[in-house]
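Take a look at this single chain, the form predicted alone, given in structure tokens.
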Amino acid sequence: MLKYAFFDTKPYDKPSFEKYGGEAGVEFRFFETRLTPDTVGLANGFDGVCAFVNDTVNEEVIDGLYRGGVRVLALRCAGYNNVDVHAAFGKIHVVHVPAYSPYAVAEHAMAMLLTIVRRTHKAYIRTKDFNFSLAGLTGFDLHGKTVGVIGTGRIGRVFIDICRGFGMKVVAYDKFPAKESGIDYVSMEELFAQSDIISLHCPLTEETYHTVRAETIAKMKTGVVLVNTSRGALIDAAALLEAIKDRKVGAACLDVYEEESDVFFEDFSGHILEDDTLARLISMPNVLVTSHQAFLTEEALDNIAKTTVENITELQNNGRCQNELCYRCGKIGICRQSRTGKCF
């Protein structure tokens, strides 16, 4: 039986991973702590580790895992910006879950957008106090508005379909446009200039880091609504805060945050939040924050566990895995092994 150390465990993780792991002969040892240089020793003697978005998998951690006998890192997420894949090459095979439920994330993005523009969160709080006044609850129609979608992978395209259902005009930007998709692609500058709403659905890379920053915000329409359900560092949080204070940005919906790793997924309700930027953003009446919740549906959790276990067993039994990550593939856009063998 394969033994995997499972880091940053939450109660909703266990049922599906225990189910699929038991069926496939993969035993998970669940640790509530995140994977960091200080906790990497917990993985000694395991065949592999299962990590999430806020685990730290830098060169120091990779070397520690390798010394402890770990040879596989199974990410239970799509993004891997927290993993030094270059340092992992030749030591630890890295696999991920490229698609678990694009509908979960896209639907959450639309839920946040509808909430902020129709003030339903404020109406809910008012009516709980029997306050039925409509003052200050005026929103605007999504129908006829232009939405700019940055990133047209599976999630981005589902979000586009939802927006079209609302009668919105869609423009999009992607470094690699989807062929024969019927999507109206424009340059990033055109997208900034045309869009009433901008939604981010791209991975975090060196190229996409701070896609939204002071310089690019200046190119946007006054009153633009920003939605981010992808990766926090796509937006310069300090620049966003200033743009909200200056009334340049009309509203922001954030399911992710630039410095979320020390805050999100934890309960700080009885403590003082030390991140002043996040505290200021949350205090703004036109900012809606959820704590990396977009993926959290029953269907997505089941798919994540199923695919993660399949990745582990495929690599073990067949000597290869379609979902293996490699820094070389990321740079050249293709797999040198043509997916016929392990990455190294």
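Throughout, we count residues from 1 along the sequence that is shown. Here the structure is a predicted model, which means the values were calculated and not measured.
There is also a form predicted together with a small molecule; it is not shown, and the following applies to it.
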With the partner omitted here, the residue among 144, 203, 139, 223 that in the predicted bound form has a heavy atom within 4.5 Å of the small molecule is 203
Given that the small molecule is left out here, which of 208, 194, 216, 261 has a heavy atom within 4.5 Å of it in the predicted bound form? 208
Residue stretch of 268-276, 84-92, 170-178, 237-245 approaching the small molecule in the predicted bound form, non-hydrogen atom distance within 4.5 Å: 170-178
In the predicted bound form, residue 256 touching the small molecule (heavy atom, 4.5 Å): yes
Residue 126 versus the small molecule, in the predicted bound form: is there a non-hydrogen atom within 4.5 Å? no
Within a 4.5 Å heavy atom cut-off, is residue 34 in contact with the small molecule in the predicted bound form? no
Heavy atoms within 4.5 Å of the small molecule in the predicted bound form: does residue 306 have any? no
